[in-house]
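Shown below, as structure tokens, is a lone chain in the form predicted alone; questions about how it binds or moves come after it.
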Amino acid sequence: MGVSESDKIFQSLAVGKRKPRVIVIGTGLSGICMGMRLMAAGYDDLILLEQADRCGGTWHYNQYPGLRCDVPSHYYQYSFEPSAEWSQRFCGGEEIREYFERMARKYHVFERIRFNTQSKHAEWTGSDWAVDIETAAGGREQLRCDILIASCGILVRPNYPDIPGLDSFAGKVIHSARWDHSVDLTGKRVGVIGNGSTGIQMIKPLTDICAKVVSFQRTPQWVLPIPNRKYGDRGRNLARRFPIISKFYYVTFRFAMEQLMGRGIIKDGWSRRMVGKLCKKNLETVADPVLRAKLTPDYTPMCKRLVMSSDFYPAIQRPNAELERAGIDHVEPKGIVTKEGKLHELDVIALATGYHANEYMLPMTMTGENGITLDDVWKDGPRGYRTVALPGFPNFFMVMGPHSPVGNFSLASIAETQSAYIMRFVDMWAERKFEKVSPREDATERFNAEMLANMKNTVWTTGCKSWYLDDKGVPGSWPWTATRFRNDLQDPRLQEYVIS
């Protein structure tokens, strides 16, 4: 039998397995997934830091009307923990959050979460990580760990638009990621600023109860019609009795999303054309030619994150709905004034303006080896080694790090792949095969150069502005197939790491 690359690097055998101290930052689906894997492997010297008062990440913060996932529920779950309880093909946010919390409790991750605790700074001491934390009550403390894992997500800090006079509005201003349930919207006049997935999901439930709903649209979106089938008691009972049914759904939906949309994103061909035809056919359901023209994008479908909805076009055609294409000039106490001088008198302004995308661990600061800081490494924008690590930051890993394939894929599937990869290093540390490890700078540069070279074939570079692009217009997502992503993270390329 030949000698493997790993055997060449690790010449000595492990002498007694040890248990690492691990800190995971964030308890969205990626942090919970990482915690589940650690606990299942017996690494229970574990702390998860969560700045909110409950887990769930984006599914905790977002509670706006109409919230639901645009990835099928049976695919937006952990493959090793299929659920038979999903009520619909595309479930609402609270049902999804409850699933992830249920998983955290089942694997005894939940009791290791420190809620209302923010990670302020992390510093490599030469032998471990020192993490400075601050509680919501103002308390400060320093924690130590052998392995630090950031699972902070990509959409964390809400983006509040810089609109003149917004603070002067006499009504209520609510951001979609900080929804105020104390506000009764029944019979109210509501303006929705933003028309990505969030803004579009709001329109139908708002028009159900509001006297008037105005959608302020800067750029039209392509909308893919996906019927939201409800799962009855009979179907759920069958899935409980035969778990293979849920697994079948998972595999089927994964194949459909990766082959239909996934390939269309990275390369022009039949799948991109098919998605385009479906979106254009859906747009034809808008009867009024003037309204249809306002809703017609001038870019290739999937250049922006594809919106999936069968409710939006019927809702925006209701008598109490209005689409406003003129730009917003300013806000005054009575409402929103467009650049054409039209005043829309409103009671509530709903900001569906998204997040400061791709901040990852920020605004937390980090200092790695030899005084290098996260600001130094990311001065030209977030980058990393194969989505999971950073050169100069030993024993530090990321779930959902830079360049992860987040465009119309299941983040649960991505988190599974990355957390399994990270566990290889946790196991090797436990087996005393290294004291510290970080990716080589030259390997990281090669990966980023190869990634950039492959961006030219993706749909993101066909001529639109989106949160996929950085300040220089360069996409920051994964430019290859999901299959390649899983293969790339199947086994660590130890020759691309600095190992001590």
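Fair warning: this is a prediction, and the values are worked out from it, not measured in the lab. Numbers follow the displayed sequence, beginning with 1.
A second form of this protein, the form predicted in complex with a small molecule, is not displayed here; the remarks below concern that form.
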Taking any heavy atom pair closer than or equal to 4.5 Å as contact, tell me whether residue 119 reaches the small molecule in the predicted bound form. no
Applying a 4.5 Å heavy atom distance criterion, does residue 355 contact the small molecule in the predicted bound form? yes
Heavy atom to heavy atom, is residue 386 within 4.5 Å of the small molecule in the predicted bound form? no
Should residue 194 be counted as a contact of the small molecule in the predicted bound form, where contact means heavy atoms within 4.5 Å? yes
At 4.5 Å by heavy atoms, is each residue in 225, 292 and 314 next to the small molecule in the predicted bound form? no
Go through 379, 178, 218, 229 and name the one with a heavy atom inside 4.5 Å of the small molecule in the predicted bound form. 218
With the small molecule left out of view, choose which of 97, 204, 254, 305 has a non-hydrogen atom within 4.5 angstroms of it in the predicted bound form. 305
Thinking of the small molecule in the predicted bound form, which stretch from 104-112, 268-276, 186-194, 131-139 has heavy atoms inside 4.5 Å of it? 186-194
